[in-house]
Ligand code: ATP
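Next comes just one chain, in structure tokens: the form predicted alone.
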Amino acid sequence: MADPARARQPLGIFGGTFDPVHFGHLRLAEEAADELALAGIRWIPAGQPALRAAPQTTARQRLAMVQLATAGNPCFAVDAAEVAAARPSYTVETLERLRSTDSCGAQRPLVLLLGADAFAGLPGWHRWQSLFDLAHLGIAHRPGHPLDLARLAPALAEQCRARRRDSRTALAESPAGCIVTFAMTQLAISASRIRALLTSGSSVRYLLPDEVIAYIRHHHLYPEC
């Protein structure tokens, strides 16, 4: 039976291309769940990313890799809806979809999880200011390196000053609108570096789950030059 109290806890939303998913992604989600007292994390692989070049793998392949990587964690769930959509994936539209469904609804607190670099680029996103009407933002940063408002675009810095909260308890008090930050373990892992290693025939062991590596090998993804 579902726990009604847990269903009212903030839910983390973690979208991305995940080309491929790796331990940096997994650790961010795990630490966000702990640091922000989230009921769970909903992973949402993008079908057609709107702000980057086309991935080297198909949407179905990236979805499968995320499913393999998250299968052992009961706090993680994977949302495949964006993969099925034959259009670019925009975060604001994804959140609007979640708000219109029974699984989230209009009142459940949602926390969009972003790294500090992605947050800094927010003004380039489609309808970015509408994100605050749909979710809180949880921003992961390096230990000892909190967000520097002076390095943000003026419009984003203004939003940050108005919406930033020091306590995670603020996330449970309303459905959306706050910005909270948390320090996460720094892992120098990137999907682009993993793709380069795979293409060169180098080892990627300990950078991503063994199940994902096996899937990549089986399907001959990121082929060697």
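Heads up: residue numbers just count along the shown sequence, starting at 1. It should be emphasised that the depicted structure is a prediction, and the values quoted were computed from it without experimental measurement.
Although it is not shown, the form predicted in complex with ligand ATP is what the next lines describe.
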Contact test, all of Arg8, Ser103 and Arg108, partner ligand ATP in the predicted complex, heavy atom 4.5 Å | no
Answer key: of Val180, Leu28, Leu198, Ala69, within 4.5 Å of ligand ATP in the predicted complex (heavy atoms) is Leu28
Out of Asp133, Asp117, Asp148, Glu96, which one falls within 4.5 Å of ligand ATP in the predicted complex, going by heavy atoms?
-> Asp117
Is Leu187 a contact residue for ligand ATP in the predicted complex, using a 4.5 Å heavy atom cut-off?
-> yes
According to a 4.5 angstroms non-hydrogen atom cut-off, is Ala191 in contact with ligand ATP in the predicted complex?
-> yes
Should Arg60 be classed as touching ligand ATP in the predicted complex when contacts are defined as heavy atoms within 4.5 Å?
-> no
Residue contact check: Arg161 to ligand ATP in the predicted complex, 4.5 Å heavy atom = no
Among 134 to 142, 151 to 159, 71 to 79, 87 to 95, which stretch has residues with heavy atoms no more than 4.5 Å from ligand ATP in the predicted complex?
-> 134 to 142
Relative to ligand ATP in the predicted complex, which residues of 11 to 38 have a heavy atom no more than 4.5 Å away?
-> Phe14, Gly15, Gly16, Thr17, Phe18, His22, Gly24, His25, Leu28
Taking the shown form as reference, the Cα pair Pro143 and Thr169 shifts by 3 Å or more in the predicted complex and sits farther
The CA atoms of Gly16 and Arg142 move 3 Å or more in the predicted complex, ending up closer
